[in-house]
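Given next are two forms of a protein chain, the same chain in both, each as structure tokens and marked structure 1 or structure 2.
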Structure 1
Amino acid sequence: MKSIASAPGKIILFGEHFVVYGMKAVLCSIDKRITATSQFIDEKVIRVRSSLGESEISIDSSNNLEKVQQKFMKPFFYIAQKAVKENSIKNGIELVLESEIPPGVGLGSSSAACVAATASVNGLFCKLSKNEVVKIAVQAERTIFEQNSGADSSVSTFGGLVSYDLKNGFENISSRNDLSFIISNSAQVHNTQDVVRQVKNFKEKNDELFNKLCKLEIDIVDDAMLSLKDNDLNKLGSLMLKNHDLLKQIGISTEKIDLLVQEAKKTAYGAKITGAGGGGCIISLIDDSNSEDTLNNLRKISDCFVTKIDYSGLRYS
């Protein structure tokens, strides 16, 4: 018996970093997925194979999580161990993860993997509701990042467009806009926690300026919500460029990222960093009229692909 589930990655349209300080962020899931396949095995071990890290490791199902040497694998052992204990099974579980999403570039690959793994492993016993999946997936992510907000896991599970802020949590954005983006990978490695600390240091040293930027971000997000409602691509694109400028001011852009944005804006409606910055990816807003020209420009300097908003979220196969 095999249990198969898949979950989409995500992009942040507006509000990264500022969301940590109470501002609203806008996220959406994308049509690139991670698929998790689980099955029982005779050995009393938990075995995880992942294309994300090109790794395969096994540990005794009763072992402490601290025995897991590869940090990025901890959430998956947490998920499987929890299922083994709660269902009192005597055999082991093998979990295989296959990804369409490049890892470590700000596209939510780790969260999508946790969501897919949670649904797949528990599907060996019974299918969980989406709310139950989110709860376990976020707990799993917190085995390596305690401050995880759950934003990525939530949008991966439920799909579509959402807004998020610390006070109100998540709200679905009632839009069925068929937005298209080109995702361009700078190929610059970054560490999200390091970049978050960098922004915190910037805020502490430039508090007045940071507060001013927060107010500008509020206006950008408010205008973006209206633009999404009206499906106004020109306005949405210009707001993305404004948001990118704010992210540059807090120091999370790079020369390569800025080059990609400059190249994209020649033909796309707009472009910006998505995610932590310090490397990773940019997103460029396009439609059929400018997709080919924008792709041709960006492919001269980066690997890139076209994606759309995914409205289905978590899926069982």
Structure 2
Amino acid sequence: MKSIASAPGKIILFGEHFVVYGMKAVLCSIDKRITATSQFIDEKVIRVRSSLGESEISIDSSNNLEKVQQKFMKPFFYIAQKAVKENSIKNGIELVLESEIPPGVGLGSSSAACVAATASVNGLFCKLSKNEVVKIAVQAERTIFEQNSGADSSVSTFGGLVSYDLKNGFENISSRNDLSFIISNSAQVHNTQDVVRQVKNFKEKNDELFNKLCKLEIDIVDDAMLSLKDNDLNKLGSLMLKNHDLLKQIGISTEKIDLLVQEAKKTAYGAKITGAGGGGCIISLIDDSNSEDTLNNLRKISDCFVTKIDYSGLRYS
């Protein structure tokens, strides 16, 4: 018996990093997924295979996550060990992850992998609700990234266009905006945890400035919520550029990223970093009127693709 589940990646429209300090973020899931397939195996091991590598640990060793060589694999062993313990099984589990989402570029690949893996592994025993899945997925991701806000896992699980803050969790933005974005990859791979730590250092050294930037972020997000209701692409685009400027001020942009944003804003409604930054991707807001021109411009300097909002979130198959 195989248990298969898939979960989408995400982009952050507004509020990355500031969400870690309690501000509201706006994000959506995208039409690129990670699929997790689990099955019982005879060997008494938990084996995880992904395009990035293969690793296994014994099912008896209940607390040996520290021994996992490849750090990015830890969350998956956490998920599988928890399921093994709670269901006291004698045989092992193999988990295979297949991804359409490039890793380490701000598109939520590790959260999507945790969500899909949680649903798939537990589906071998009984299907969990989306609320149960997101809880375990966030705990799993926190084994390697303690400050994780939970925003990425929430949108990957529930799908759609949502707002998220630490206190209230996620909330659907009910207007079904048919937004389109170009995602351009700077090809500069980042480590989310390192960039979040870098922002923490910035905050500690520049407390007053950081508080000022938080207030500006709150205004941007408030305006963005209204502009989403009105489907006002011009306003949304200019708010994205303002948000990019705040992200630059906290030190998470790069020369390449700024160049991409400069190019994009010649024809798109607006553009900004999405996700942790320190490289990674930018998003450009487009529609039919400017999609081709923007793509042509950006393709000269980066790999790009067009994406739309995914409204389904976690799917069992």
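The term rigid core refers to the most C-alpha atoms you can superpose between the two forms while keeping them within 1.5 Å. Since we're looking at a predicted model, the values are computed, not measured. Structure 1 provides the reference sequence; residues are numbered from 1 along it.
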Check your understanding: Between the two chains shown, which is the form predicted in complex with (R)-mevalonate (MEV)?
Key -> 2
Check your understanding: Core-aligned, is the CA shift for Glu94 between structure 1 and structure 2 2 angstroms or more?
Key -> no
Check your understanding: Superposing on the rigid core, is the CA of Thr192 displaced by 2 Å or more between structure 1 and structure 2?
Key -> yes
Check your understanding: With the core lined up, does the C-alpha of Leu226 move 2 Å or more between structure 1 and structure 2?
Key -> no
Exercise for review: Just grab the Cα shift of Phe210 between structure 1 and structure 2 for me, core aligned, in angstrom.
Suggested key: 3.0
